[in-house]
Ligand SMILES: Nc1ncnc2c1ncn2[C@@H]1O[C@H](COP(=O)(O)OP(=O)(O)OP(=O)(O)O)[C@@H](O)[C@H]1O
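Encoded as structure tokens, the following chain is the form predicted on its own, with no partner shown.
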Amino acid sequence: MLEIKGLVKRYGRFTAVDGLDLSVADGSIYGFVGPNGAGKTTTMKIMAGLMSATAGSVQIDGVDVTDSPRILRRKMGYMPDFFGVYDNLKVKEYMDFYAGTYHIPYDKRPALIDSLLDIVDLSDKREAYVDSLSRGMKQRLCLARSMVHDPELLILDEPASGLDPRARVEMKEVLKQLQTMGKTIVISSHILPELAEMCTEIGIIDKGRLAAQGSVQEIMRKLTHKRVIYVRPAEQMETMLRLLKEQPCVGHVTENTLDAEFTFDGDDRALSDILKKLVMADVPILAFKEKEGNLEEIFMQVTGGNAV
């Protein structure tokens, strides 16, 4: 869906984006994170065709951003980190205005607006004035606005910025629903745990370059070169620990009061064989799973501790 190759953006002697390569699969939710000043917003503006690149290329579904701006705008919906709303308009009027800018036929707009407001859970605010909405509602309205032309790709720059926990949950549910509808979503955020839960893939940008890309688990494995497995027996802790330490793919074993963790450098088949051996040795296993990576820890390691 989205391919970026060798992207460079310079402002005089300052290089904001430095040879960035990035790929986003069709139908995925791609989390784009990085420290302040790392080049996130610059990159997203270039993706959206709002800023020209010094070098490199950006293609959306095979279409070059610079060569075919009209086609691009049909394929892409952009939600900036700071956006304007027209406070003297009702919600339905606000949506109708933007539908008009995309030349949506007048007779088709009411059904389209109703559908979009339903998706972002603002149907009951159709007759409300925009300036009466909460910040979270305005964010969802802006998201609905970015979809009036039914784009295949959504580029969302900090859509949860400044939202309270409830509003963030509501936004997250909307984005998951959009993914089920086949939308490809690129989203930047400072709220790393929520990105880890929601996104199919993460890209970490630092000093204008892509420092890491993949699922949280994939990035963790690349950094540590090992998987961490959590196991909890109902009893027979000593037997379990002895068997684990005998396995060739098991590295360091950490024993806790009721459970244990061990590093593992084998494949899934070898991991299932370990579980099988524990069960055959009559060790009652309550839990046996790969430990999830922590995106905040990964971010700090990849970026050298720079603040997000």
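Note that this is a predicted model, so its numbers are computed, not measured. Note that residue numbering begins at 1 and tracks the sequence as displayed.
The protein also exists as the form predicted together with the ligand; that form is not presented, and the subsequent description refers to it.
- Heavy atoms within 4.5 Å of the ligand in the model of the complex map, among the stretches 237-245, 36-44, 63-71, 271-279, onto 36-44 alone.
- The contact with the ligand in the model of the complex, taken as any heavy atom within 4.5 Å, belongs to 16 out of 16, 24, 298, 20.
- A single residue from the set 190, 176, 166, 108 has any heavy atom within 4.5 angstroms of the ligand in the model of the complex; that residue is 190.
- In the model of the complex, the ligand sits within 4.5 Å of a heavy atom of residue 158.
- The partner is not shown here, and in the model of the complex the stretch 125-154 never reaches within 4.5 angstroms of the ligand through any heavy atom.
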